[in-house]
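Laid out below as structure tokens are two forms of one and the same protein chain, each shown alone and named structure 1 and structure 2.
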Structure 1
């Protein structure tokens, strides 16, 4: 416990130091105030933005798109990853192709999504799905391969069915790895949706951030960046908390 408190205090100290440096750089004129508004002004602007109905609506639009893309990508990617890992021949064929596809920057495909789906909800969800599914597939494949063979052998020797093996052997062994993968995949998902909103959209917080940037509204732009960062970190810490609750499954 004392070690945990010390770590948390160190993290808080680093955040305060960064904010203080940010404030000093802006207030002293070392960095042009028009290019880098002070931290206090940025957070004041953030509070003002959150009171605006239009901004809250854009946040809800982005949240809906992110959750829809995530809800589609995770089960699809998990099933594909499981099938790849369970079939040795399929794994030998598919895994190099998956690594190849994962290495390609997904943003170059965004114009294709706009041409196919138009500018709207389907385009942003589709691109978020596309940005996320490869990391889910690869993570699931790694998680399945991490299951100990002796656990499977014992379960099958006692006559466990496929369903029992899946829920009593695979899932407990895979869950810690999968939860860690969920944190990473959500980052890809959120990035994909916001990028789609910034590139071509009529709503969403990504569209607002792009508009603020184009109009050189630096306070609003930085406040939007802080807003998105806070959302991402909140989800990350939530999944991390669930992961620690499941840590007793690590064997």
Structure 2
């Protein structure tokens, strides 16, 4: 694919342009340097922070929690979402309820998680799971609903079992929608875990970010945000990689 190189170059160009704009905005004082430290300062701070063993440990803690929550939420949510889409009865019962649950600001329930799990790994993973599962369910349901009937008829005529239909017809037709859902879910997951860390914690990068934010340590705050964004983007790229491998059949 010769286009890939051009696309990647274009992407890098855009990133550089954004960073340059950031640098110029703060250096020229168009925005207050205290309110928006320059890109170079932020990245220098990021370097400093990454030197610290404590920060690296926090990152590891957060990454572990995020992965654990994600690994739990995605299969769980996908199965429930699938059931909701597949079984009209279940759908009629659960869909509105799930939707309401989704529309409540989840942070209200943080104290309950402490009530059940105490403060620590389980509480943060639990809240990450809780923040993610609804979006996974809802996206899976959508994805399932976009499957073409004629393909289902073909599979049915060959006596495909439910499981076979799921894996051989639903999954491939839903893939683009599903992968997009995966990205969004990851973002919810990350936000959930970080919120839980900010709320009450002994470690984790979210905890650090909360402190930096409250002390108006903008350089550290931005560097922390960049760190979190980097984690998310890495994951994003991973999904994209899967995507390009799986949807080559599309024109």
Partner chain sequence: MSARISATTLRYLIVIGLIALWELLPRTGLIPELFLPSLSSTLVAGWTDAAEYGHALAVTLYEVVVSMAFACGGGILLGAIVGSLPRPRVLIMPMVSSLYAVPLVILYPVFTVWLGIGSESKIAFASIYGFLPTMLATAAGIQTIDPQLLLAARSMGATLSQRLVHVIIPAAIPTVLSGLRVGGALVIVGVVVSEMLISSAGIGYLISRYRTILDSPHVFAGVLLVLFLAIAFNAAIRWIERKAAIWQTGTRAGQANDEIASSAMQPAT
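If you're wondering where the values come from, they're calculated on a predicted model, not measured in any experiment. Positions refer to the first chain, counted from 1. Only the largest set of C-alpha atoms that superpose within 1.5 Å between the two forms is called the rigid core.
Asks: Mark the structure, either 1 or 2, that is the form predicted on its own.
Replies: Here the form predicted on its own corresponds to structure 1.
Asks: Relative to the superposed rigid core, does residue 61 relocate between structure 1 and structure 2 - that is, does its Cα move 2 Å or more?
Replies: No.
Asks: Given a superposition on the rigid core, I'd like a yes or no on whether residue 27 shifts its C-alpha by 2 Å or more between structure 1 and structure 2.
Replies: It does, since the residue 27 C-alpha is displaced 2 Å or more between structure 1 and structure 2 after the core fit.
Asks: After core superposition, I'd like to know whether residue 38 moves between structure 1 and structure 2 (criterion: C-alpha shift of 2 angstroms or more).
Replies: The answer is yes; the displacement is at least 2 Å.
Asks: Fitting the two forms on their rigid core, what distance in Å separates the Cα positions of residue 211 between structure 1 and structure 2?
Replies: Here the C-alpha difference is 2.4 Å.
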